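Laid out below as structure tokens are two forms of one and the same protein chain, each shown alone and named structure 1 and structure 2.
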Structure 1
């Protein structure tokens, strides 16, 4: 509907210019159309007259009056218009337009809200990418569901999307993992160990060491330590990665590809790339260290790519990794990072621009921390001691649907309070229960109708004009706005918009149901209301499907 209003405005202004009613105006690429905060100000509003007035140095209300008096409305969708404030144009849509939306929803069914704005453009969404040195914690969990739903949104919008997990299996953290297992292994044989501060202390390390002891005995007590650490690193990394995959699968997250960091270093790939960039003038040496000229692309300072000891930095590997992504044909890349990586964004944008890529082709979504609560009280977490709340623990306590939905209840770059007790409640206080119960309640009503011998109607069987209660109009308006909400969420990569929408839709439905009887003595009204609920069901299912959250038929 927003696009229709924008087209009406665009066509009207061009018509007025051609007739000499308005001076020449350079229209913006997309005329801004918004939903007013106050419903009394119409269904939609635009500030185009004010923007145009600034261009041509005229009174905005005068321009708005010319536009309003000459509106081109070929679809006959406008009930009335109104000029408000300094020059806003408010639009009121005919009820018949909202009522006709029901037919569109029924005909499109699961396709309702599907878009083709992506044009099958190849996109990669890379997320989680946690080091395989320990189980996923709730910070990873939030990034996992944000990445998964962003990928679902982009697929729904017509992009060709691949989901990828980058395995950080090269570098010192993996060596420390092998050492950690070796130290626990030796402890199991009675050796007293002074456990280093930089090693991993969780019970999962003891479990891995215990499995090695059971299967292979004490042979590694006398083996070459360096070789043993390499072997233990491989075993532990494999076990932990499989555990990560299991947790993600139970969280409803599946990846198209797992990419190993070690692939980047094969055949000196990283070194050759850095050498090429140095020859092109993007990298310079100060004698001991190699620096990337990220200040060429507005970073606050240049960044190290090779340390004094000859080891490449994470930045060097990331340049190589993103070069690999573009080489695989991705036109848009979406990286999901923790909020602590905010300062890292400019250097990576610098890196891809040095590779000849447009900065806008790399989208970076920052995911803020999760404050885990129990009945309002903080749950203590410490990754240093290994005593942290894992994704598995949260899943076991509240379930997949509640976990996914609650992680999406705020913008990804906002801190999130996740209360375990609220997430388990079967009450309106729990947002996922509130939405799923609305879906289940509709299923129950439709089932009751069938049990009473009332056939579920098709659009041709109803009189949509009977749906004229304010709550019915509100429901239809809300459902009509579903595709534009999905488009906005896809374009901005903001999956929380879906949970906001579902909470509002559920609220309108519950209010409607509490005030109005669906099945009554009036057969025509009953048929119209049953059909209305069938379309609400479709919208709930389609939105929940993008979230990866179940749509139960009974609760």
Structure 2
């Protein structure tokens, strides 16, 4: 609809210029059309006259008047227009236009809101990517949902999206994992162990050690320690990764690919890449270590890629990883990180630019940490001691839908309070139920109609002009806005816009429901309203589907 108004304006202006009514106007930014905050200012408004006023040095209201008098509206969608304030042109859309969108929604059904701004371009969204040294905790959960929904949004917008989990399984943290298991294993045979600072203490380590003891006995007490650690690392990493996958599955998060960091080192891949970057002058040696000239691309300082001891850094692997991503044909790459990694951004952007890629092709979404509460009181968490609330515990306690919805209610880069007591409360403090309840309520009404022998109407069976209550018009306008909202969310990679939209839509519906009977003696009105509800249902489902939140028929 916004686009239609913009087209009317651009056609009109071109027409006026060619007829000499307006001077030549340049509009590099295109034509802006927006929804005014105040409904008295119409359904849409444009500031075009004010924008061009400065350029052609004329009174904006005068320009607006010329435009308004010569509007080209072939679709005949305008009820009226007005010029207001310093030079706004306000547009009022005919009710019949909103009523017609019902037909579009019904016809498109689950396609309603689907876009093709992506042009089937290959996009990769990489997220979670926790190294498999322990179960996912609440902090990972937010990133998991944001990544999942961003991927859904892009898919819905017409991109060819793959979701990937990068397994950091090559660093010495994994080695510490193997060591931790070994120490617990020895403890099981009665040895007293001073547990080192950098080892993992969670109970899951003991379980893994216990399993190894049960299956393979005591043979690792005497074998070569380094080999044993390597072996235990593999076993533990595998077990933990499987657990992570299980948790993600129950959270509704699925990946197309799990990519192992170790893959990068095969056939000296990392070394060769560093070599070639050195030849191109991006990397230099100071005699002991290799440095990447990230300052070329506005990083604060150059960064080490190969340490004094000869080991490549995480950064070195990450350049190789992103090179690999581009080599797989992805035109746009979305990385989702914890906000505490923000300092790493200039480094990675330097890396991909050295690879010849455009900085804008790598989008990085920072997800702020979650502040976990229980009934308003902070829940103490410490990774070191192994005391943290796991994703599994959250799922068991509050359920998938409430957890996902709560993580999507704020912008990603804003801190989020997650209160376990509130999230599991089935009350008005918990927005997920507000939306789901609206959906269930509609299902219930449609079912009631069927039980009374009223067939669900099709568009051709109804007179949409009967839908003229204020709440009905509001519902139709809101639904007409759905594709625009989705497009905005997809372009900005901001999933929270959907939850805000859903809350508003549910609000309009609940209010409508309380004021008006859908099923009544008036057959024609009943049919029209039932049809309206069918379309509302479609919008709820499509939006909830993108969020990965259930749309229950009863609660």
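Keep in mind that this is a model prediction, so the values were computed, not measured. For clarity, a rigid core is taken as the largest C-alpha set superposing within 1.5 Å between two forms. Residue numbers count along the first chain shown, from 1.
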Of structures 1 and 2, the one that is the form predicted together with the RNA:
2
Large Cα shift (2 Å or above) at residue 249 between the two structures, core-fitted
no
Is residue 61 displaced by at least 2 Å at its C-alpha between the two structures when the rigid core is overlaid?
yes
Determine, after fitting the two forms on their core, whether residue 503 shows a C-alpha shift of 2 Å or more between the two structures.
no
Core-superposed CA shift of residue 88 between the two structures, in Å, is 3.0
